[in-house]
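Shown next as structure tokens: one chain only, the form predicted on its own.
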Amino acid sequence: MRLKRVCNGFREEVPIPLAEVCMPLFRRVAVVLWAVAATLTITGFSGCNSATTSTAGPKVIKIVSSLPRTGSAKAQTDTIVNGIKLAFDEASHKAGEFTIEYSDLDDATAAAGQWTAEAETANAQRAVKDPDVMIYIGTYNSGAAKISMPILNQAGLMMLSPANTWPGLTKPGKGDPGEPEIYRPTGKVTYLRVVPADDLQGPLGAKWAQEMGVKKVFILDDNEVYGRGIAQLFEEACEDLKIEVLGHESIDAKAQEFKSLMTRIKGLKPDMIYFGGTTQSKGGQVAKDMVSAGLECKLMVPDGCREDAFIQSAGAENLNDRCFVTFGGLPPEELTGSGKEFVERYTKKYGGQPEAYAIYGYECAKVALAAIAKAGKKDRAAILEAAISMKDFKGALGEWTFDANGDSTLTTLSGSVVKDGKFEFVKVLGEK
């Protein structure tokens, strides 16, 4: 891929390595290069400066979201965006004395069918260049966050994620070498998330497998940041729990089918296949090919597959009573208190049940509104500080606080099974 920059009428192209397919070292270098290139574009180069004139007025604040609005993730992100809009509508698009304008940006392309580095970079740069934008809600994919985090950090623009779960985005020593510092070129925390990270989900998934009597497991991942990461965490936990790992391989998510792979795995007689990935990276096809190869073992997938699109792509009959799903939080039907009230209001307004991540979109918007009102001024640094310093926030997810890394103090995770074409809650993970 190539990053393009226009300066004094000339177009410059900076070659950027494809982070998702290179070795770990090159992935880390790629993130830094993206940040440097994006910073040059933001601040100007060789006398070329970006105009930053406000057009919205002193009492108007813009909030943007950057999510994959094209491709198979659209059904999930539709409900995230609906959650965001619901929060703004309930507040009459006001936060203190400010009027809120919201823009729904797409970081996916029709050609790719999912997020791309180019689209996410363009969204981040667009937000940074607009002095009226005070908050950036995103991303859905952890790999996309790695691209935009340094860009937004350099500009001091708060990034608030409803769905990223890769631990290395925030937690020192929990990700790849150099994380999360490489995403913070200013040295300051500007990225916050309201969803529990995979350093909880991966190990609790392995513990749940053990409780189900799994003795042998074969692990697959999609070779992307999120999928590869959670699969590795699951594997490490299996080793601690004395679950035999028969193998761990990365699939080519561009492949049309995996029948030969499944035939080979069948010969190893696993009790379970664990797939670290998403619907978009062929989670449904993995399930289909398991069945066609005659594998009768269980399948476990993480929250990236907890969406109706996964069941549709796999075929409900291929998942029934054998596919187990982990999720950071509780599913909509199990929420109580303010969470249950959110689901009721959402259903009344939009005429259908929200997908699992809708409530996190709603919570991000509520945090954004509260931070703006608390700051009391149209200033990125003040609004960021107001968000970070909020204690015991009472939202739809319950009462929680951001810790020093920008993570939520909430740690509840749940497990569901696919039954009769729907996700059916089984238990809160970690509880007996």
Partner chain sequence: MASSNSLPLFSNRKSKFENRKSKMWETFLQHCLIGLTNGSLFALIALGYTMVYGIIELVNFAHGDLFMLGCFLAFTLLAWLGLQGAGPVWTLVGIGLILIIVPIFCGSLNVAVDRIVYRPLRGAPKLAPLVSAIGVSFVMMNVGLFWGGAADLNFPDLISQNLSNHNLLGNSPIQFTPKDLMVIATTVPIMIVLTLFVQFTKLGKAMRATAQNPVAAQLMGINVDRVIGATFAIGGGLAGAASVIYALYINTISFQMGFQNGLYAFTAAVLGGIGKIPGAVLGGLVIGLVRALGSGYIGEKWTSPLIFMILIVILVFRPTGLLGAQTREKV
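Residue numbers count along the first chain shown, from 1. Everything numeric in this text was worked out from a predicted model, so none of it was measured.
Beyond the structure shown, there is the form predicted together with its partner chain, which is absent from this document and is the topic of what follows.
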Heavy atom distance at most 4.5 Å to its partner chain in the predicted complex, all of Ala75, Ser260 and Ala314: yes
Within a 4.5 Å heavy atom cut-off, is Ile251 in contact with its partner chain in the predicted complex? yes
I'd like to know if Gln280 sits close to its partner chain in the predicted complex, meaning any non-hydrogen atom pair within 4.5 angstroms. yes
Counting only non-hydrogen atoms and a 4.5 angstroms cut-off, does Gln210 reach its partner chain in the predicted complex? no
Taking its partner chain as it sits in the predicted complex, is Ala309 in contact with it (heavy atom to heavy atom, 4.5 Å or less)? yes
Choose from 65-73, 359-367, 399-407, 386-394 the stretch whose residues reach within 4.5 Å of its partner chain in the predicted complex, heavy atoms counted. 65-73
With its partner chain left out of view, which of Pro172, Gly113, Gly247, Gly156 would have a heavy atom within 4.5 Å of it in the predicted complex? Gly113
For 217-234: residues with a non-hydrogen atom within 4.5 angstroms of its partner chain in the predicted complex? Asn223
Assuming the CA distance changes by 3 angstroms or more, are Ala75 and Asp252 closer together or farther apart in the predicted complex compared with the shown structure? closer
Looking in the predicted complex, decide if the C-alpha atoms of Ala75 and Ala253 are closer or farther than in the form shown; they differ by 3 Å or more. closer
